[in-house]
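What follows is a single chain, given as C-alpha cells, in the form predicted on its own.
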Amino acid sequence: MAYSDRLRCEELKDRLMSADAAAALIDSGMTVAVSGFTPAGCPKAVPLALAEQVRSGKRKLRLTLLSGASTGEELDNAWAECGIIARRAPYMTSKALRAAVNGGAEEEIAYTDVHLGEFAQNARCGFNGKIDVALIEAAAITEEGDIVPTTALGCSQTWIDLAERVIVELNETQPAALEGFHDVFRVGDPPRREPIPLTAPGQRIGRPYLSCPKEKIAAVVVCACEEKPRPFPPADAVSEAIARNIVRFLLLEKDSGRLSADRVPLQSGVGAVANAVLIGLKDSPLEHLSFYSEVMQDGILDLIDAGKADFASATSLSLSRAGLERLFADIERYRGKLVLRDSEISNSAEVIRRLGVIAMNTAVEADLYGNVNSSQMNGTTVYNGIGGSGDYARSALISIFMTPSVAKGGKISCIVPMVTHVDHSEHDVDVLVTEQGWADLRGLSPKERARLIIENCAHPDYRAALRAYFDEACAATHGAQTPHILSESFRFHENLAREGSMRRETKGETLC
C-alpha cells in the first residue's frame, strides 16, 4: 500500500489502504460529511473511486452529503451524475447537482439551504441526524495523530467529532508547509456557550490541527489529486464600474469620519465582481486593510503583495490555478499574513459584530425597498443557495450588496419592484451598488429608499418603468408605508374570503 512520509503517526500506518478499499466502507443510506469549502480542501480520491464503483455497476447506493459549502467536481458533480446523492446541504455550485435539485434529473435530490455559519451547530444539535463517515483531506498527520488540513477548514472539526468513522485522504499535491496556517477552535453549544475570544482578524485562539481520536480513523488514503479550482472570468467593464463605486463609497465614509481608520475589516463574497472589488482596492488610497471573510480570492494576494493588506482571515483559500501556484511558490512569505478558521468562526455573527466588519456580497436581484434575492431564479429555481452572505449581512457594521443593473444582455432588470425570493430583507441591506452608482439606504424610509434606488442604481432603460410602478403603487395604496401592487396576493385573499362567505352562507349565517 502507498506510503507517505507525511503519515508521521506509527499507529495509523496499518490503516493505509487504496481509495477503492476506503470507498467500500461507505454503504447506502449513510450520511457522509466532507472537509473543504468551495473546491478548496475537499477530498477527491475516495469520492472518485466511489463514483466509479457506482458508474461501473458494481454498487448502487444513495447517500446524504454534508459539507462546509460547495465542493469540487469530484464530489458534487461526480456523485450527482451517478445518482449517489439523495439529500444535500448546505450550499452548492455544481450544474449537475443543481439540475437534480430542481427536478431536471432522473434521481431527484432533496436540498436544504442553510446559513453556513449555523450549519456546524445545527449538526451538533442533531438537526441532520447521525453522521456515519467524515471524509477529510489532509496535508499531513502528525506523530500524535493530529490532522493537518489543506486549503480550507469549513466544518471539518465538527464532522470528525460527530462521525462514527473517519477516512483521511493524505494528498501529497498539497504543500506540507500548510502546517501552521490553521486556527481550529471548538465553540461550546447553547445554553452554556462561552464567548469566542477573538478581537482582531490576525489573532489566534485555537490549535493548528484537527483533533481526532486514533481509534476513529478507519482508513488513510495516500493520493496525488491536484486541486481543480474554478477559473475566474476576467473582469469586465460592469464589474470594474461596480468596484469603483464601492471604493468611492468607502472613501466617502472615511472622509466623513464614519470610518475612523482604514483598519476596519472587510468581507468579500465570491465571484468575478467580488474579485474586481479587491483589485479596485489595490489601486485605491486605502491602506492597512484587513479582511475577516469566509473565502480568500486572488485579489487578497494582490493586496498583500502591494502592501495594502496587513492580514486576511477566512475559512477557505478559494484561489484560481494561478493564485494557488503563486501561494505555494512563496508560501513562507504569506505565512503570518493568512489564517484559516472553522466556518463557524469565520461566519460567526458574534465576531462579525464585534469587529465591525464591512460586508460586501452579491445579489441576483434587489427591489425598490432594498430586499435582496441571492439564491433563486424567478423565485422557483435554486441556483447556489444563500451561502454565508446572511451571516455577514445580519451582523455587519455596513452591509453592502452589489449586482449589475441588468442581466441577459440587458433584457432583464436586476432592480425590480419586488424580488421573487427574499434571502436578505431590507433590514439587513445598508448599501446597494450597481455599475450605475450606489444607494446609501441607512436611515431612510421605504419610499425614500425606492426613489434613491431607481435614480442611482437602476439601468436608464428601466427607470421610467420603475418610476411608473412606484407612482401607481403609491396611488393605489394611498401613500402606505411600503407601496406595492399585490394584485395576485389580493386575489388569493379575496378568493379565500369568498369561499369562506359561501361556506358560512350554506350554514345559514348572515354576513355583516
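Keep in mind it's a predicted model, so treat the numbers as computed, not measured. Each residue number is its position in the shown sequence, starting from 1.
Omitted from view is the form predicted in complex with a further copy of the same chain, to which the following refers.
- Query: With the cut-off set at 4.5 Å between non-hydrogen atoms, does G409 touch a further copy of the same chain in the predicted bound form?
  - Reply: Judged by the heavy-atom cut-off of 4.5 Å, G409 is well away from a further copy of the same chain in the predicted bound form.
- Using 4.5 Å between non-hydrogen atoms, is K337 touching a further copy of the same chain in the predicted bound form? Heavy-atom contact with a further copy of the same chain at 4.5 Å: absent for K337.
- Message: Can you tell me whether Y111 touches a further copy of the same chain? I mean in the predicted bound form, with a 4.5 angstroms heavy atom cut-off.
- Response: Close contact exists here: in the predicted bound form, Y111 approaches a further copy of the same chain to within 4.5 Å, heavy atoms only.
- Any non-hydrogen atom of R165 within 4.5 angstroms of a further copy of the same chain in the predicted bound form: R165: no contact with a further copy of the same chain in the predicted bound form.
- Query: 351-359, 133-141, 266-274, 313-321: which one contacts a further copy of the same chain in the predicted bound form at 4.5 Å, heavy atom to heavy atom?
  - Reply: The contacting stretch here is 351-359.
- Query: Pick from V238, I279, L259, V247: which has a non-hydrogen atom within 4.5 Å of a further copy of the same chain in the predicted bound form?
  - Reply: Filtering the options by heavy-atom distance leaves L259.
- Could you work out which of E435, D183, D428, E227 is the residue within 4.5 angstroms of a further copy of the same chain in the predicted bound form, going by heavy atoms? Contact check passes for D428.
- Task: Sequence order please: the residues of 435-454 with a heavy atom within 4.5 Å of a further copy of the same chain in the predicted bound form.
- Result: Going through 435-454 in order - heavy atoms within 4.5 Å of a further copy of the same chain in the predicted bound form - the hits are R442, G443, L444, S445, P446, K447, E448, R449.
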